[in-house]
Each structure stands twice: as C-alpha cells, then as structure tokens.
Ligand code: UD1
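Just one chain follows, in the form predicted alone, and it is written as structure tokens.
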C-alpha cells in the first residue's frame, strides 16, 4: 500500500506578527514544519509504507520552498512543493495538491497534516492508520475533548458516520459540544477525490472546507485521543510559547528515561535535536540549544549555555560557562565563567578556567589555561601551561593572524604573543613578556623592561589618610 502525505503550510499566520511564513517560526530549536515532516517520515518507516510528502505553501512561499529544498529535498527526502496562491480554505489547498502533483491520485491513501502542529507524533498517525484499516473505513479524523472549544470545528456524531460543523456556522446547541476536530486526517484517495468535487464555499467564512468530506451515514469515524495538548496548533506567540513548553517537557522526560539526571528540570531548556548521554547530570538554569551533543557521564553546572556544541564523555562544565559551536574533549574541565566561541576545540583532559575566552583555536590533550586569558586563532600543543593573563594578539587591524605553540611549553603569567608566531616544543617564556619572534625548540625567552629600584623614594608617592 502507498500513502501520499500532505503538509498544509500555506497560511500567513497574521497573529504571529512575524515577517516569515508561519511554518518557519522556530520552536524547540527548529521550524514548526520540521516536526510534522519528521513524524510523517517515522510513520512511513514504522508501518513499512511507500509514500511521498507534499508541502502546500502559500504566503512568502519562495522563502519556505527554499528552506524545504535545502533541508529536506537535497538530503534525500522525497518531497514535492505545490503552491496555493489564494487562501481559500483547506479543501482548496488539497485541490491544489491534486492538480499540481502528478502522483496525487496514484496513492492508495492520503494523510493530511497541518504544518503548525509540532506536538503530533508518529503514534497518533499510526493509531489512525490502524483504526482505518481494522474498521475498513474510508476516512478517519483525529478528535479530542476541549474544555473551551471556542474556535474549533465540532464533531457531530450521526447514527453512523459523523460530520463537522465549523465555529462560525454552529448554533448554540452545537457550540456546547466539547469534542473538536484536530485537522489531522487519513482518507482513501478515491474517496477524497470523489468528495472533493462536491465541496462548495456556501458557509459564513466563504471558504472551501475539507471537513465537508465527513458526513453522516458514511464509513467515516472520528477517533478520540486523550492528549489534547498534542494537537495544539500554533497561531500566535502565546501558543508558540505554550508549544515550546510542552516540547521542552517532553524532551526532558525522554532524556530522564534514558538515564539523564536533572537537578531541577523546571529551570532547564533543551532543544529537540540535542542529545545527552546517560549518567550525565544537568544542574538548574542550563540551556542546551540547536544540535548540541552531550555524551555520557558529563556534569553541566548551573547557568551554562550550550549552542551547537559537543561535550565528550566525562567532561565538566562549571557554572556559567558559555559554549557556541565548540568541542570539548573527554574529561576536560571548562569554567566557571568561561566562553568558548565558534571553532574552539578543547582536547581531552585539558583545563580552561574562569574568565577565559577561546575562539577558533585548538588545544591539544592536557593543556591548561586556568584564568583571565584570551586565545584566538591558535594551536596549543599537548601539556602546555598558559599562565594567568595570557593573550594571543591575533588581530593587526586588518587581518587575523595565527599563533602556534608546541608541546610541553610553559608560558608565564601576563604574557602576550604577537601573531603570526611559532613557538616550538619545550619552550619557557618568562612572566610579563611580549613575544613577537619565533622560538626554536627548547628556548627560554623573556621580554620585559629592566627594573630600576630607588631606595627610600616610596615615601614621596605613598599617601596617608587626611593628605
């Protein structure tokens, strides 16, 4: 059997008040539309179904089409893009799909999803699919109970089958119904095509409602789900925030089930595509973003922020360290108050201490840079120690220059390296030095002014209270 999957993603989302298509608004670290697409792919795989995905785009479609091409089509996802130029309703969107996708009529079934529903999961799709086949139905619609059903289409059961009445067309009696339509459907394609032709816009909204395919005395069924939050559509920034909170709760719960310990998960935020290994401990007020990867047995202490970064097994991030596109090796220690900027690659068993900033630099195994230092555009060899106040002077006002320090070096406190510069293995630089010439292996270098001492002169400069 085969199934065509349609993602309805043409809406403008005026209440979002954003200058991008609503399906591209980010939640959980990724665009809204990523969630239904990925869950649909899981559904196909789990049920061993052949099928393709079509996204029906509309408002600012060029932007959304480009995103889908770069992030799905070019990565091997079988996806078509069709355009709904006028927003004339959900049935009109499906009509555009049928007209523009030459394969639409060839699929045995059609699954229809909304592009602004990030909480629907493969299990919901599979449940609908199983009931459709077990009951030998022509169509199923997911429904749920809502305490305040305002704005939703109501499910009106018949002796057999059911129909859906939209809010604008409902009378007072129908508006009391609490079972509502989710907008998620699976339909036999022949049934869909036959009934699509009959739909008109004779309603108060003047739109073509896809819900009109559901009628009494037909082999159609509303499947009631007991987790209404999963069907939340995102139509404004308040709902966007709510969806983000649900996603975060779900993500953290998944991680806990995999053996991750949160000291206080209510204060933490983890994006959907992040991973954290078992036996890791996440302290309060931690934010982990993008596609960050935290391996097993890692400690992330309070206030740390990770964005698209990797922390390998046994790593420790001490409080208030910030990592952005950085890589931390096994058993390395970072912070507190350290900043690793893009391109920072910290070797295993290295130590980066408080108020250290690293950018586009590689530190090999066992390097120590403990406090109050800046390393940019550099390579630091194994077991080298950089003293307090160390600086690579990498920018000359026009270009960034490279500093290369070898293995087993000792660089004294308050030293500056004027790039471009190469210091070979086993070198020693005295504290307070400014080095601007290469050092061959085993060299000792010191560069500081000669100290002059005048005995007894201090009294001329020391101030006493009252003076």
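Positions refer to the first chain, counted from 1. These figures come from a predicted structure and were not determined experimentally.
Absent from the display: the form predicted in complex with the named molecule. The rest refers to it.
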(request) Using heavy atoms and a 4.5 Å cut-off, decide whether 4, 95 and 186 all contact the named molecule in the predicted complex. (result) no
(message) Within 4.5 Å, heavy atoms only, one stretch in 207 to 215, 330 to 338, 132 to 140, 292 to 300 touches the named molecule in the predicted complex. Which?
(response) 207 to 215
(request) Find the only residue in 263, 237, 245, 88 having a heavy atom within 4.5 Å of the named molecule in the predicted complex. (result) 88
(message) Please identify the residue among 114, 192, 344, 375 with any heavy atom within 4.5 Å of the named molecule in the predicted complex.
(response) 114
(message) Within 4.5 Å, heavy atoms only: does residue 321 come near the named molecule in the predicted complex?
(response) no
(request) Consider residue 153 of the chain shown here, and say whether it contacts the named molecule in the predicted complex, taking contact as heavy atoms within 4.5 Å. (result) yes
(message) I'd like to know whether residue 15 contacts the named molecule in the predicted complex, with contact meaning heavy atoms within 4.5 angstroms.
(response) yes
(request) Answer yes if any heavy atom of residue 325 is within 4.5 Å of a heavy atom of the named molecule in the predicted complex; otherwise answer no. (result) no
(request) For the stretch 158 to 186, return the residues whose heavy atoms include at least one within 4.5 Å of the named molecule in the predicted complex, in the order they occur. (result) 164, 166, 181, 182, 183, 185
